[in-house]
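Structure 1 and structure 2, given next as structure tokens, are two forms of the same protein chain, each shown alone.
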Structure 1
Amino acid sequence: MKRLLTFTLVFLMIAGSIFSVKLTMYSSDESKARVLRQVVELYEKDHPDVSIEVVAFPYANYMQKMSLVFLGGNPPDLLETTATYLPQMTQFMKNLGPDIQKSLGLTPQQYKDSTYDVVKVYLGEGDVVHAIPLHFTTYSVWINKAMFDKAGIKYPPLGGREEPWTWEEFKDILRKVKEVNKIPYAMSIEYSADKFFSYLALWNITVLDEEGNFVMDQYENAEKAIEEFVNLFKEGLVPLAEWLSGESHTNNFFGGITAVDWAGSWMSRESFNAGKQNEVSPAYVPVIEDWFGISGGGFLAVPKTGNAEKEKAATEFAMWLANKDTGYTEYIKRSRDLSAYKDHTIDYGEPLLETWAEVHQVLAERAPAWSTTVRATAVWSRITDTIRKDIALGITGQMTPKQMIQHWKSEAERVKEEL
């Protein structure tokens, strides 16, 4: 009897190791990887024959690492990546279109239509689905509740005001909140070209068109828009240090040095991590020509590895995570981000998050598709560093808006030519 038991056990162990598939997933961020590990655990419970290891790499070096991984012909079975990096990697990804048809019963087009327009842009053209969406982020303006109350300022839509502020109103509010609360500055804006773009888009101005051609010089208001942005710093409304030495905007905002943070929906999670969730609130961005939040987010793709068995197992996991009824809801609940699918309300188990999600949904739904397609071009990611550096030079008075536009134009044209 004992012998039989041992034998069975050994057999099961061997069988297990033969039939089980080991997959590797790369992630661009340790905090996302921690969420992914939790849902992977759920998946493994239902699929004992599959085990997935989630490996995170430093965000700043992620594109570098992935480029080397593809160059060396050694891609992982699953790959999590952000909107910034995905467009450059699609050539290495498996087309998930047919699998979506099979497992979700939706045509690729129907599937993509079930996501927000701004997410759809990243997923692939025609019937191709290169990646499935994970979390979804959009820009908003975060405010310090106590400081706004003290200055008697109402904020939309959670603080007793319906309509977004106008740009002039917004600037006055910044001045007022700074003065009343006796804080050194009013608003934080992270040192990044995307933050600048999220502002510029409100002027209905874009840097590039959807093919990656430079078009900013064709807008009458372009110089004025840059000047207004630079003036926020010159007037002492935004800490110079944030754009001159990359001082942390979260520290300034959570530390009470600024009353506003021009950031986005990811601040929901950050505020919980910092234990500040009851002190802050998202608000609508001001209206300049238009008002909306440009989007970003995370995606999951299945790279072509050439190993049919692993690709199949990886695809199955991706399908599980693409399905709102199985993995997706579990994932988004834990990541505390927004759902990438339209009409998908999440029970976060945290009323605050649900209220905040509604604010962000409004901002996301208003966003025109170009605000995303432009940034999905290969040109954009290669000129972002130039853009933010030039603006920093503008803040210290070393460059005029006109010179900036000219410089960006020549850079964009050079990049386009080299591609």
Structure 2
Amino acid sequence: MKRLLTFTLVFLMIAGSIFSVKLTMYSSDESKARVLRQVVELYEKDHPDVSIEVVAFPYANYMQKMSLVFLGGNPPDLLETTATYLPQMTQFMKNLGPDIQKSLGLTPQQYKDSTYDVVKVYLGEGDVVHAIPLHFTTYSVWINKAMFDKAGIKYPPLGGREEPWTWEEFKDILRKVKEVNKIPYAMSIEYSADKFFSYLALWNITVLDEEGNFVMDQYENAEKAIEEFVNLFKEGLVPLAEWLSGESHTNNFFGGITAVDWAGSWMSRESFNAGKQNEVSPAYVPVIEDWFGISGGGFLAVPKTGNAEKEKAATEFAMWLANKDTGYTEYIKRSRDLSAYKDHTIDYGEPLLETWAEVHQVLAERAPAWSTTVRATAVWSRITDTIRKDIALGITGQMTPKQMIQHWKSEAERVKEEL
């Protein structure tokens, strides 16, 4: 009898292993992967027949890795990606429109209309839904409160100043906070074309129009804007290694190497993860021609793998995560991001997060529509690597702003012709 019981237990364990569906999810960075693993664990408790492994890739070379994955014909079952990269991968993604109608009782258009416009623009046209939104983000600058206090600098809006700094004031502040605190650099900026775009947009300059046509060469101050950005590195205000070797901007900021991080609302999550939430604060970006926070976001897609069983299981997880009454609220509370859905109130359990969300709401509401729509094109998505690499060449003196603009124009025209 004892042998029979042991045999039965072993058989059940083997059978459970054989008959469970094992999925793989790729994530664009480890921070988001940690949150996704937490919600996956919740899902697996109620769905023991499914297991999901979440694999994180470094964001600095994420699209390069994904290009190899999809061209090699070996896509993951689930894919977390960002507004920067989703547009160039939609051809590989399953249309979730019919599944949304079946699972959530909403037409694809009703579902998309339930999200903020800065999210909806990435989801697809008509009855197509390329991905479900995970959150939306908006840019801001983050400051080390102690370093600013030591330098006697007030910051907007939570540090005693109401209005944003001018660009010239901001550069002077970077110099002062660096000198007073005796730190090697003043500000961090991640190796990202969208970080550059968030700066460029404050000049009221865009690289493309909404149809994907290159227009940056039509702005008289475009070269000056690039030169000002590159000079932040040349002057030693921003670590060269953040753009030349992908050094971590968050490690530099939280480690006290820099006093400012040109980042965004996602730093709410990062600061709590690092235990630094009481040491930092979001602040308004400086005003150049205008001031606002360009918006982006995160998405979860189901790649077309050709495996019907896995696609079905992956889609069911995506629908669970798309539902505000099931997985979505669990996700957003843990990610500490801004909800992608209109009229969706989140109780984060942290008053500080509510205060920070108000700062980012101001920045998001000020953003003009073009700051989102011009980046929701496959052309922008595919020229981002060229832009950031050329800026790195500009930092090292190997490329002028004029040469960058000419190169970006030729690349944009080539990509648009291919599309």
Partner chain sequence: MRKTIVIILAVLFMIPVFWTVTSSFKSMSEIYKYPPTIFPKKISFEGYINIFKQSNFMRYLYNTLFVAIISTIITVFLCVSLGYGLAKGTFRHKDFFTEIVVITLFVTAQIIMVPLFVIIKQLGLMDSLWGLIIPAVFTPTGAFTAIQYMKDLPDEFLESAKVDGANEWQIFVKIVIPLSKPLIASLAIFSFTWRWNDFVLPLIVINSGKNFTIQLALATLQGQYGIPLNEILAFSVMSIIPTLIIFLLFQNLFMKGLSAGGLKY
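Note that this is a predicted model, so its numbers are computed, not measured. Structure 1 provides the reference sequence; residues are numbered from 1 along it. Take the two forms, find the largest set of C-alpha atoms that superpose within 1.5 Å, and that set is the rigid core.
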item: Answer for which single form is the form predicted alone; value: 2
item: CA superposition split between the two structures, residue 106 and residue 293 in same rigid part; value: no
item: Smaller-part rotation in degrees, where the chain is treated as two rigid parts between the two structures; value: 24
item: Shift in Å of the residue 48 Cα between the two structures [rigid core superposition]; value: 12.8
item: Cα shift between the two structures at residue 132, which is computed once both forms share a superposed rigid core (Å); value: 5.6
